[in-house]
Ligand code: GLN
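One chain follows as structure tokens, the form predicted alone.
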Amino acid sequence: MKIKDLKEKFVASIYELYPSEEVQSFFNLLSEKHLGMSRIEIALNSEKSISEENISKFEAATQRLKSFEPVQYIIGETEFYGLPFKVNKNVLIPRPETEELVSWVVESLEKRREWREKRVEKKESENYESKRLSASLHPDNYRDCEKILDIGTGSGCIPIVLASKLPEAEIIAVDISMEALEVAKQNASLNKVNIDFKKVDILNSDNWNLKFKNLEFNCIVSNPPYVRELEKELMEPNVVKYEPATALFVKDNDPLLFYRKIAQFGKEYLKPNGLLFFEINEYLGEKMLKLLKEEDYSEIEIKKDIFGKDRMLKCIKK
């Protein structure tokens, strides 16, 4: 079978189930994975013959796509923030809106670093006595690296990008799922970054001191479960059927459970003026504002994603 025939058969098998652009994207991704050929190479080599082994791989992928399994799980990988990530049924597939959250975190921390560097330069221009007194008043020292915690890390996409963008930062990433942590560790190795991964149930406050004793963070970021069960019917079948429910859904009667616990955790483990970032449910922005005010955070800011939805939140520990 030639490539052009393989493509024709593939498109005919699933064109009624997906938009044409998505079908084309699926074929390109599978071609890169199984044939080692880019979209342009496929177009230039349409008469090239395909082995029976590769034909079988496309047929198997077609059957899985007919069941609405995400193509990222089928090929076992995806891209996030320009970096490669392995994914499977134990982790969520990283979303574009989470890239926006990561950009906001990086931008905010880089601004803080610039501010600290200016403070250092100013202090170094002062006399020795002033610097000595300043050091006694500020034991953390402005030259300390950022200490960042990612809660509910899944594939590790958030901390891995942060580590690549902020190489001097010390980053800890936690998840309740050992299977997810194994994927995250593989991705850290794949992208050549060092992250301390821990198995932690963030809802179990008795566990906190066991895992985080004597630790303080400059920044905590989390994309926790936030989809209410009542919203399931609005979601695509490939998400509901295949992506891990524990990483997606919360009970309708307490949709802010994870945010409340993480905010309370932050009050204990964030440094003064530490930053707390969340990805949030687009329908619950006002409730998030109320929650964080009650937990005594300041400078609470909600930011819209590229689709105009309330999707990210930043606040500061007083």
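Here the structure is a predicted model, which is why all the values come from computation and not from measurement. All residue numbers refer to positions in the sequence shown, first residue = 1.
FYI, the form predicted together with the named molecule isn't displayed, but the following is about it.
- Of the candidate stretches 159 to 167, 106 to 114, 241 to 249, 188 to 196, only 241 to 249 contains residues with a heavy atom within 4.5 Å of the named molecule in the predicted complex.
- In the predicted complex, residue 95 approaches the named molecule with a heavy atom inside 4.5 Å.
- Among residues of the shown chain, residue 226 is one whose heavy atoms approach the named molecule to within 4.5 Å in the predicted complex.
- Taking non-hydrogen atoms only, residue 215 never approaches the named molecule to within 4.5 angstroms in the predicted complex.
- Taking non-hydrogen atoms only, residue 279 approaches the named molecule to within 4.5 angstroms in the predicted complex.
- This chain appears without its partner; in the predicted complex, the one residue of 230, 235, 203, 178 with a heavy atom within 4.5 Å of the named molecule is 235.
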